[in-house]
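In the block that follows, a single chain appears as structure tokens, in the form predicted on its own.
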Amino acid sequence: MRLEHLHYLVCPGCSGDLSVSQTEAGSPESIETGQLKCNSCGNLYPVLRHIPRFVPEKNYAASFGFEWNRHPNTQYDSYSKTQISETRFFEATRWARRLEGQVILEVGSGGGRFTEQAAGTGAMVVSLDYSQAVEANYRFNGHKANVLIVQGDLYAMPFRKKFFDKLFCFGVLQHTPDVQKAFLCLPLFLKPGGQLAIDVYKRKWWRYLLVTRYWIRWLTRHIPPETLYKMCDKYVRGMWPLVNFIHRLPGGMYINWALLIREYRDLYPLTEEQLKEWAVLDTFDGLSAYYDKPQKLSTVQQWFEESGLINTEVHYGHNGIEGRGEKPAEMKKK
């Protein structure tokens, strides 16, 4: 981490300022291996491979860490030569393309496909993930002067409250133990006038009947990620000729999804090999997550009301339900 980025961090326990207590490897401008110390409570936090760490290495998001380090660049536009992530990012946030001078907080970066998009606006991007996916994100975005990558807990984020101009959280909330609590943590970190954008899987009564991954997740989420990934990879690639045949049938894409193979031939302009990569990745993703809690539209609308955000929009979108809102300006004291 760059020393100039230290002021974006605070102790997640007491919100005290942090300082560098030890540097084992790095340079005068950055820390590769070292330790941060809270100036108030004295808690110590390691910096490993350039990334400050505020959570244990093993946690409920281990499958995501494995997933994004196994597929570090699969969903990057710069790799696929598409605009899939760019389109989703700007349509879901509705933010300007240029945001120099602003500070964006990304909660749940995964491998960093949206970190790439946010950093491209020229804003300072502080990107957090609970899992070892931060390693993949750092490989692609850590060299950028306007990116700080942090491993931390959404429920106890090591950042200053009322600090960020913008915050986004995509593909994350449904995978947390308490989705409502996770959502309500987010607006606390926005400054007055700051903007929030989130998404969450949608919940429909038929989802648990027709989305077959829910039939077997009770078993597959307990399989070690390495073992489950090998099973998914072998299954998808072995089934691929049949997938192509089924796709030509009426409703073929949905039949394939029912067979646990997420193929996107009609949705995204990907090459044949990329389609297989995405299918393996998303098949594993759907079967491995420890928590998977879709939400009702009305529930998410209620959360936005409870949070006190204004100018809110909650509707169905790219990844299920999308929501946007703004932190109201604080009243001036008389």
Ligand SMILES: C[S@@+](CC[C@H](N)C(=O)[O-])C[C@H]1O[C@@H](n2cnc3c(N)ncnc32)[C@H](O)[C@@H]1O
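Residue numbers run from 1 along the displayed sequence. Keep in mind that what you see is a predicted model, and the values were worked out from it rather than measured.
Quick note: we don't show the form predicted together with this ligand, though the next part is all about it.
Taken together, the three residues Y60, F64 and G108 all come within 4.5 Å of this ligand in the predicted bound form, as judged by their closest heavy atom. Only one listed stretch (92 to 100, 250 to 258, 166 to 174, 213 to 221) carries heavy atoms within 4.5 Å of this ligand in the predicted bound form, and that stretch is 166 to 174. Interface membership of F183, defined by any non-hydrogen atom within 4.5 Å of this ligand in the predicted bound form, is ruled out. Of the heavy atoms in L154, some are within 4.5 Å of this ligand in the predicted bound form. Using a 4.5 angstroms limit between non-hydrogen atoms, I104 is distant from this ligand in the predicted bound form.
Although the partner is absent here, V147 is not a contact residue: none of its heavy atoms lies within 4.5 angstroms of this ligand in the predicted bound form. Between this ligand and the residues L190, V125, V200, A133, the one pair within 4.5 Å by heavy atoms in the predicted bound form involves A133. Shown here without this ligand, the chain has only D285 in 284 to 306 lying with a heavy atom within 4.5 Å of that partner in the predicted bound form.
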